[in-house]
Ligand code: UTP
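Here's a solo chain for you in C-alpha cells, the form predicted alone.
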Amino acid sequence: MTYQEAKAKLTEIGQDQILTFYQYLKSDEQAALLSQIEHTDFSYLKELSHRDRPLKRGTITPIRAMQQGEITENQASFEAVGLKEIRAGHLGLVLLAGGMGTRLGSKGPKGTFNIGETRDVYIFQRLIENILTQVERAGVWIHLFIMTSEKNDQETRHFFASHSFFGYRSEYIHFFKQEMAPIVSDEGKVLLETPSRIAVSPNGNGGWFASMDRAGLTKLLHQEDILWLNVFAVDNVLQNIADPAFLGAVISRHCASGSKVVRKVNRDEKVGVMCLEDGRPSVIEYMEMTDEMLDQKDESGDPAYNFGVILNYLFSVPELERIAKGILPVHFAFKKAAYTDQDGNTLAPDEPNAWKFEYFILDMVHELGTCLPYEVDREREFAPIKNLHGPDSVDTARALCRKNSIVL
C-alpha cells in the first residue's frame, strides 16, 4: 500500500489522524505503518454506534447436561464412535494460545511457563503430552492448529521448534495469528500505540475460526476432510484433549457442538455456566445470575444451573462454516489503553479511556443451535493456571497433577 492509498482509505472513514507522524518516521517505520493500515479491519468502527446499547439477554432457562453416570454407562459405545472418527482423520485440534504469562510473573507466552518441580515441565509440554496419549491410542496423528497473537507468535514458534515440538510430528502442527481489532477512543478515533503503530487488541476468543480462515487454514480442513474441531484453552494442564468419548457422545446425540463442563464447587463459584437462552444453548456469566437462579433446583434437587464451562469445546466444521457466513455479535469493553497523543506524548491513563472489540465463543455455541454439555471430573480434567498463587494457580495445578500421578 502506498501513502496515497492509505491516505485515501483513512480519509474515507474519518481516521486520517493515524498518519499524523508519518513524515517524521524512518522509512522502515513508514512501511510498517502502511502495512498495518492495509491489513487492519476497520469495519469494527461501524459497530461503535452500538457501544451504549444495553446487553439484552433472552429468556434464560436450565439446560440438561450429560452427567458422569450416563457417560460411564455409554463409555464403550461413545469411545467406539469417537475413535472411528479420529482414525478417519475427521478430528482437528485448536489450541488458543495467544496470551502472555504476565499474571504468572513471566514475560513470555503463557504456554512457555515452567510448572516443573523436579524437572522442566512447560504448560505447552503438558498439553502436548495429553494429546499424545490419544494419538497413541488411536494410532494416527491429529492436526493441531495453534492460535498465537502478535505479541507471542515468533516466540511461540521458536519455543516449539527448540523443544522438538515435544515429540509431536511438526508437519501436523500449524500456527496462525489471531486477528487484531483497532482500539478506539470514546470519540470514535483509532488510537496510536506509538507514532508508527496503530493500537490494537485481540478480537476475543470467538475470533479463532475467522482467524483460521484468514490464515488459509480452512482449506486444509477441506483437504484433510476434518469435520470436527476440538477447541481448548492454553491454561488447563489436565484437560483431556481429543477425547474419543466426548466426540462420540456429541455425534451420537446429533449435536453441532459440545462443551466439557464441571460441577460447581458451591453456589457462588465465579464461573460461567451452560444454560438455554430462548431455547438455544448458551453460557451465562456468574455476575449475570440472580439469587433466584442460583437457588433454583432441578427435578433431582440439585442446583438447576450447576455446570461450569472450562473452555474445551467441540464444533462441527460444516456448521461453523454456516454461521461464519453471518455475523457474530460484537462485544464492547471500555478499558484503559496507553496511547500516543497528537503531540507525540505517550500517555498511560489511570481510568478507562478506550473501546476494545471482541467476539465471544459462547455466541458461536448459541448460533450453532445444539450443544451437548458433557460433565467431566474436575479433579481429573480441570487444573487451570490463571495466577501464580492462590485459587486456580500454579500451586493448585501442581497439586492436581501430583494427584493424577503426573511427575513434575
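Throughout, we count residues from 1 along the sequence that is shown. Keep in mind that this is a model prediction, so the values were computed, not measured. So that the term is clear: the rigid core is the largest set of C-alpha atoms that superpose within 1.5 Å between two forms.
From this point on, the text means the form predicted together with uridine 5'-triphosphate, which you will not see here.
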Please state whether all three residues Gly101, Lys110 and Pro202 have a non-hydrogen atom within 4.5 angstroms of uridine 5'-triphosphate in the model of the complex. yes
Although the partner isn't part of this model, could you tell me whether Gln178 comes within 4.5 Å of uridine 5'-triphosphate in the model of the complex, counting any heavy atom of the residue? yes
Is there any non-hydrogen atom of Asp243 lying within 4.5 Å of uridine 5'-triphosphate in the model of the complex? no
Closest heavy atom of Ala233 to uridine 5'-triphosphate in the model of the complex, within 4.5 Å or not? yes
Using heavy atoms and a 4.5 Å limit, would one call Leu311 a contact residue for uridine 5'-triphosphate in the model of the complex? yes
Option from 131-139, 299-307, 286-294, 101-109 whose residues, in the model of the complex, bring a heavy atom within 4.5 Å of uridine 5'-triphosphate: 101-109
With uridine 5'-triphosphate left out of view, which of Val261, Ile123, Ala97, Val190 would have a heavy atom within 4.5 Å of it in the model of the complex? Ala97
Of Leu247, Met274, Leu320, Met147, which one comes within 4.5 Å of uridine 5'-triphosphate in the model of the complex, counting heavy atoms only? Met147
In the model of the complex: members of 377-408 within 4.5 Å of uridine 5'-triphosphate, any heavy atom: Lys386
Is there a C-alpha shift of 2 Å or more at Arg263 between this form and the one not shown once the rigid core is superposed? no
With both forms fitted on the core, give yes or no for whether the Cα of Lys336 moves by 2 angstroms or more between this form and the one not shown. yes
